[in-house]
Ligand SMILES: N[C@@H](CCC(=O)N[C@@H](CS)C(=O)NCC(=O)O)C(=O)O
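Okay, so here's just one chain, in structure tokens, the form predicted on its own.
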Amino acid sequence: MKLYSLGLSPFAARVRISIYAKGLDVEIVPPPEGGMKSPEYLGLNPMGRVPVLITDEGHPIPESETIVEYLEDRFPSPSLRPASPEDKARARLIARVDEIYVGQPMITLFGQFDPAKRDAAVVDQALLKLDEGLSYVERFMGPGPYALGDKLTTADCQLTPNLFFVGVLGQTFGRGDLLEPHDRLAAYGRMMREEPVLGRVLGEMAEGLKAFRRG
């Protein structure tokens, strides 16, 4: 199998967490020459985004959630799905709440990176929405240390990459650690940096951010 991935992409990072946690033999490469809008790549994913998984049979699968679910179905052991139906639902809920209520304010804030074009009122409102979204995520998390207990699950695949960017946004807008007001998420943020799989992917994202800033 082959995964088209970029180090900084939270969507590709989500899939890499799954791959590393399951110990899968997957070749991880950047998009082909010409990039994500090249005819070659658009033939694999007409949306022109990462990630795309190429299966052993040569079939392309785009979209991170779909890829993670495919890997769970194709390689059920070790499983990243919780054991009970209730916890399976909670894992999906955490991922969904994070995607909508944390991800959407972050998109707004990414549009405010340039200080010369920044609207302070937009930033303040988006940060309020982001803090609200973090409180929603925290409400549905388990006791830890992972998102739902003592085992890495698909919820962590979604949550960890987004929290990386929460940290970046706090620094960018001079607001410090945005997780600090949320005790459970603050503890999770410390854990994810030390956990082998999550820490590995966070390191890849940090390297991707350095490359992005170098231009």
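In this text, all values refer to a predicted model and were calculated from it rather than measured experimentally. Residue positions are given as counts along the sequence shown, with the first one as 1.
The next section is about a form of this same protein that is not shown, the form predicted together with the named molecule.
In summary, among the residues 48, 167, 149, 189, the only one with a non-hydrogen atom within 4.5 Å of the named molecule in the model of the complex is 48. Comment: 61-69 is the region of 61-69, 22-30, 171-179, 149-157 lying near the named molecule in the model of the complex, near meaning a non-hydrogen atom within 4.5 Å. In the model of the complex, none of the heavy atoms of residue 54 sits within 4.5 Å of a heavy atom of the named molecule. Using a 4.5 Å cutoff between non-hydrogen atoms, residue 44 does not count as a contact of the named molecule in the model of the complex. Shown without its partner, the chain has 9, 10, 11, 36, 37 in segment 6-39 as residues with a non-hydrogen atom within 4.5 angstroms of the named molecule in the model of the complex.
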